[in-house]
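Single chain ahead, written as structure tokens, the form predicted on its own.
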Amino acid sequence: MSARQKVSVVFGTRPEAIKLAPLVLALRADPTFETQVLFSGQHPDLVRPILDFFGVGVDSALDIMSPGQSLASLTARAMTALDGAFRALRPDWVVVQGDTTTAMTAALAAFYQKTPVAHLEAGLRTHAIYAPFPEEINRRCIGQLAALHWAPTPSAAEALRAERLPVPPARLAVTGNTGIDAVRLGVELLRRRPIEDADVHAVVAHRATDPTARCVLVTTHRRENVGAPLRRLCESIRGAADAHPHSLFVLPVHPNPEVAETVRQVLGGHPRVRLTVPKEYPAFLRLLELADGILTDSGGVQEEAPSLGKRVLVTRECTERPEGIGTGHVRLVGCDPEAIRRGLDEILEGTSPHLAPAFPYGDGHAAERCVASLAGRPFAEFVPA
């Protein structure tokens, strides 16, 4: 029997942990691989609860964060730490996800050691180098370094082909997005293990007391929205909450001090706005299920919400995930107060057409396809539904 391939799965942030958890579980269930999970520590407080929820253990943990560090400092610390980790672990493959600083530096550190990289969620592009920043350039760098590209959708695969990346077709696979695997697995776990969360209970109670009650879930954290755009966004939320007495907004406040200060200045104390601590994934997933609509600048939420039949207003000028726009679930509103208010009014007045769940990003079987691809086994590529 041949030796198992050693695979190091690397992540550092909350979104990476969510999307890599199904893949780690699938890899660990396959005897072809010996799977090592390496946590960089980029989001030290947000990741552990996700790993506990999905039952994913960490084999090696680093500590790359320091107070107030710049992107350059974070990149340098991550590069040094990951280089040392790979020299110790000696993997046959390094798996990274998405477009974070952890993912980019892990890919580069692996390249320096001539270790092949598999890139989960490859091929997303806005073609605007500062939107999102620095993620657009991070993922382009990983695209140049990766030996195996797992594109979530056919359009992402086409973007990679258009760039003429130096890989044969066998090293580019359309797998679907493991974020949808995580949603399906998470919903199933929540059915078996209901959670106790004050904000979830508040939304349930709000909807139970009034048939016209509506709830909007809000997330905001992108660097390009900090400052005046974020203030305009918050003022739009406040205006909508003032105009709709049966509304409830739930906004988990990102720990970034610049974000938190603006959010609390504009929205703090409003009776129809609940400002919460960042939600652990199970509670956030339950809030996604309960919400009538979502206002977000998150990439992952754009993927998750359509699979639950939710309308999404995206507070960005462009998106690397255009598929949801085509299904009618996603609308770009930027930080334009008029566009945001129009979208919120439709949600809160119940005038938006009903949306059935749609699966433009994945069907819940992406992790299986990735494992088959890594093992060199045949599989049917994902076709959006």
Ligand code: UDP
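Predicted model only: the values in this text are computed from it and were never measured. Residue numbers run from 1 along the displayed sequence.
Not pictured, yet referred to below: the form predicted together with the named molecule.
K.L.:
Do all of T219, E280 and G299 end up near the named molecule in the predicted complex, with near meaning a heavy atom within 4.5 Å?
P.N.:
Looking in the predicted complex, the three residues T219, E280 and G299 all sit within 4.5 Å of the named molecule (heavy atoms).
K.L.:
Is the gap between E304 and the named molecule in the predicted complex 4.5 Å or less for some heavy atom pair?
P.N.:
Residue-level check for E304: yes, a contact with the named molecule.
K.L.:
Using a 4.5 Å heavy atom cut-off, state whether I18 contacts the named molecule in the predicted complex.
P.N.:
Looking in the predicted complex, residue contacts with the named molecule include I18, since a heavy atom lies within 4.5 Å.
K.L.:
Does the named molecule get within 4.5 angstroms of any non-hydrogen atom of R14 in the predicted complex?
P.N.:
Judged by the heavy-atom cut-off of 4.5 Å, R14 is in contact with the named molecule in the predicted complex.
K.L.:
Does at least one non-hydrogen atom of P252 fall within 4.5 angstroms of the named molecule in the predicted complex?
P.N.:
Heavy-atom contact with the named molecule at 4.5 Å: present for P252.
K.L.:
So if I measure heavy atom distances to the named molecule in the predicted complex, which of the stretches 69-77, 108-116, 281-289, 266-274 falls within 4.5 Å?
P.N.:
Stretch with heavy atoms near the partner: 281-289.
K.L.:
Listed by sequence position, which residues of 72-93 have a non-hydrogen atom within 4.5 angstroms of the named molecule in the predicted complex?
P.N.:
Stretch hits: zero.
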